[in-house]
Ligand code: HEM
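Presented below, as structure tokens, is a lone chain in the form predicted on its own.
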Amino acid sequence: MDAQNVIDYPNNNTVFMVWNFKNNTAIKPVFQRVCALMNNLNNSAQVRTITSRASVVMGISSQAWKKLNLPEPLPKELVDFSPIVGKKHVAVATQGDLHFHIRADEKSYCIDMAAEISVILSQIAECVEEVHGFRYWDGRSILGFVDGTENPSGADRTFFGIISDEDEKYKGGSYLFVQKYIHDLVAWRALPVTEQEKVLGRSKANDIEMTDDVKPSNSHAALANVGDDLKIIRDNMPFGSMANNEMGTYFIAYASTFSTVTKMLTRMFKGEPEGNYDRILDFSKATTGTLFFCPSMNMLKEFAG
């Protein structure tokens, strides 16, 4: 299917970039160059950075798809993300035309790839979000708990992460949803560890999920898990600045169907039953929310002309 590298496991370093097209600019020729660059950067990474697992994945939003006059009909579930409004918390929707997920064990490769993309893309677009993620200890979020325990593994990553025959025209593609969360670490760290564990529904030290008879119904484990038949691939990364007191998690999900992500977010923000929302949101505010589609590498080559 020649998919972009959406099913790899998280690396030590990541750069996330969101770009919006400028008005009144000829975007198509430059976009074609960016598509060609995706192929070049990934091919070069296989030769130069084989031990660093460097790669870059590009996602395109529905608005950008239309601005660029890309093939119609669009991928079946590629739409503008609509806010999910709960009684207390909101999964906001924000504008983004292109998203780049750059990762490598060595940060130098991330910086070089981000620079190459920026040289070309800055002619027609501006970067509205740039987040530098890092691996925190043994794959933990900045809240101190292991992140991504429910991720599929092995062949299941392909099944849950990449479109197959259900959308033949876009086979090999993947839906990409991202949210930038800012954590209230002062309030979080004021909680005893036993209370933090109730919020997550897991033990902090050993990452063991609580049994159903003990796990609170408003814990993250209870609400974010929508069943073994509905999985997503999370590549979340911590990020932050001590000076600005802005520490957070960049939530990034690849999926063969966006409806799975929608179901998860609805349970978290509205609650199950309604009002019984995910308690982690009392300490974590979503400041962005955008849906993209990641075409296969073959389709990116077609877009490059």
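Values in this document were obtained by computation on a predicted structure and should not be read as measured data. One-based numbering along the sequence shown.
FYI, the form predicted in complex with this ligand isn't displayed, but the following is about it.
Contact with this ligand in the predicted bound form, defined as a heavy atom within 4.5 Å, is made by none of 16, 42 and 103. Just one listed stretch, out of 29 to 37, 60 to 68, 263 to 271, 239 to 247, contacts this ligand in the predicted bound form at the 4.5 Å heavy atom level, and that stretch is 263 to 271. When contacts are judged by a 4.5 Å heavy atom cut-off, residue 225 counts as touching this ligand in the predicted bound form. The shortest heavy atom separation between residue 290 and this ligand in the predicted bound form exceeds 4.5 Å. When this ligand is considered in the predicted bound form, residue 146 lines it closely, a heavy atom lying within 4.5 Å. This ligand in the predicted bound form comes within 4.5 Å of a heavy atom belonging to residue 220.
The single contact residue among 76, 202, 107, 171, judged by any heavy atom lying within 4.5 Å of this ligand in the predicted bound form, is 202. With the partner omitted from this view, the residue of 183, 198, 132, 157 that lies near this ligand in the predicted bound form is 183 [heavy atom within 4.5 Å].
Of the residues in 266 to 305, those that come within 4.5 Å of this ligand in the predicted bound form through at least one heavy atom are, in sequence order, 268, 280, 284.
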